[in-house]
Ligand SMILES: N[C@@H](CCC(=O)N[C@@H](CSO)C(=O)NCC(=O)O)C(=O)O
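Below sits a lone chain in structure tokens, taken as the form predicted alone.
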Amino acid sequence: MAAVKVYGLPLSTCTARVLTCLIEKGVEYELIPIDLSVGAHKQPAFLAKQPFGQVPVLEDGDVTLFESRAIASYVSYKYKDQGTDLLRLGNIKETALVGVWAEVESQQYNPPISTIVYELVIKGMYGMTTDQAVVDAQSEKLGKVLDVYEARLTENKYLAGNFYSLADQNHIPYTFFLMKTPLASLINSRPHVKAWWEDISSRPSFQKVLANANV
């Protein structure tokens, strides 16, 4: 069995972020499904690993981690000598730019896109009603972020530079779900953002996550 264990669901956004990273780095792992529908993530055994009761959790030997971005950073650093160089550790400027744009994803991109996906995708799965006012407000916010991306991507193929990195990869799961909604137009209407999205989402690592999730 693989030394690395991931507790989660294959296409929960945050689990998919971790799995994509592990595959990109060539790290073997075992996915241990957590059934959210029966509240397995709120049971004592799981809360002992993740006190906030959210997926995913990664176990790597005696290391137990939660928060998908922190896990991805750990995997990228620990296994830096194999797979794709996601942190650009050999070049301090490039490393710093990866850090900047990874932070942009977390602080600027994720808040509006995660709210939109919740309203347009997750609520529908549970028979809840979309709040269109929330969708409209968050779409405006996301559009402004994507205007910055469009300008950035006219100068570089990827966000941190002309190299694929963790900064790009962290965007993939939520954007995948956005592209299943009418608001895919936010991506498709910006040619450089669209080309970037088509590039990063077609990488074998994420395609393998989708295949394993039977999507």
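All values reported here derive from a predicted model rather than from experimental measurement. Start at 1 with the first residue shown and count on from there.
One more form of this protein should be noted, the form predicted in complex with the named molecule, which is absent from this view; the next part is about it.
Residue among Val193, Ile23, Cys14, Ile200 with a heavy atom within 4.5 Å of the named molecule in the predicted complex: That would be Cys14.
Heavy atom within 4.5 Å of the named molecule in the predicted complex - the one residue of Lys157, Lys42, Lys49, Lys180 that qualifies: Flagged contact: Lys42.
The named molecule contact in the predicted complex: Gly53, any heavy atom under 4.5 Å: Flag for Gly53 set to yes.
Partner contact for Glu67 in the predicted complex: the named molecule, 4.5 angstroms, heavy atom: Contact with the named molecule, yes.
Val148, heavy atom within 4.5 angstroms of the named molecule in the predicted complex: Val148: no contact with the named molecule in the predicted complex.
Contact label in the predicted complex: Tyr29 to the named molecule, heavy atom within 4.5 Å: Contact with the named molecule, no.
Residue stretch of 127-135, 68-76, 140-148, 90-98 approaching the named molecule in the predicted complex, non-hydrogen atom distance within 4.5 Å: Looking at the other structure, the answer is 68-76.
Stretch 72-92 - residues with a heavy atom within 4.5 Å of the named molecule in the predicted complex: Residues within 4.5 Å: none.
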